[in-house]
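One chain is shown next in structure tokens, namely the form predicted alone.
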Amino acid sequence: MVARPASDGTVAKALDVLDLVASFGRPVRFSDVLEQSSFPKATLYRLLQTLVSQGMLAFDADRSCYTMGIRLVRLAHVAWAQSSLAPIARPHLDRLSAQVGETVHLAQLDHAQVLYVDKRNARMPIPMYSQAGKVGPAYCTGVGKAMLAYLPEGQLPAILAQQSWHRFTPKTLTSPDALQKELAAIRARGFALDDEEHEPGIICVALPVMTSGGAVLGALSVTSTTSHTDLDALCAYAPLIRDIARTIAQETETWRFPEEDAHSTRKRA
């Protein structure tokens, strides 16, 4: 979980507990949560009860288990529709998937991690970690590096400080210095690569989705396996991915800021 300022108080603690329950990916008992939580037993129980009373969690008395609450599901759907790139990008992901026949990912940064917001499977699906709704490391995924490479310099140090630098494979970059060199190379060539850095045998090419002003909205990637293709073949998709990423960004800007655009038009008139 991402560390939050102590001044956030009870709200931050409740959100940390909510994150923890969600991380199990299944109904969990109090003992499961307590084992993973840093909160004292009484504090944890109080926070869980608050989340249940507010509909953010549900408690099954028969099984003594906590699950995600209906209110949280409703809010998640609203957030997905209003804040995620996924609804706008959906037809463009379909088009990219149909053209390349490989796995396609759409991701955004969630604090210092990568949140996969949508995915299209290859014509011949392959097992891999990524799924829509999952979070992954930013420093060793193609979509993560594509976004990190184009963040404002002032934002990058704080995000790098929150990376785990765990070595997932022999090719994983495990230090800020090594990643900084890689990010410079990404900016020079215009796209990022994942050369089996997160999962053995999984490779990808990724590009950022950026506004006309250079703000990073997310990233788009085409992913495959070393048994099926190689990085040179994936790199050939970079121009197509770039065009689709630009289209998604343009449509996102128009959708997110219609009042601002209208105001600017009236002002010019």
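In this text the structure is predicted, and so the values were computed from the model without any measurement. Numbers follow the displayed sequence, beginning with 1. We call the rigid core whatever largest set of C-alpha positions still superposes within 1.5 Å between the two forms.
Heads up, the form predicted in complex with the DNA isn't pictured, but that's what we're talking about next.
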item	value
Options 238-246, 196-204, 214-222, 44-52; stretch whose heavy atom lies within 4.5 Å of the DNA in the predicted bound form	44-52
Distance check, Thr10 to the DNA in the predicted bound form, heavy atom within 4.5 Å	yes
Residue contact check: Thr226 to the DNA in the predicted bound form, 4.5 Å heavy atom	no
The DNA contact in the predicted bound form: Ser31, any heavy atom under 4.5 Å	yes
Core-superposed C-alpha of Cys65 shifting 2 Å or more between the shown form and the other one	yes
After fitting the core, Thr211 CA displacement of 2 Å or more between the shown form and the other one	no
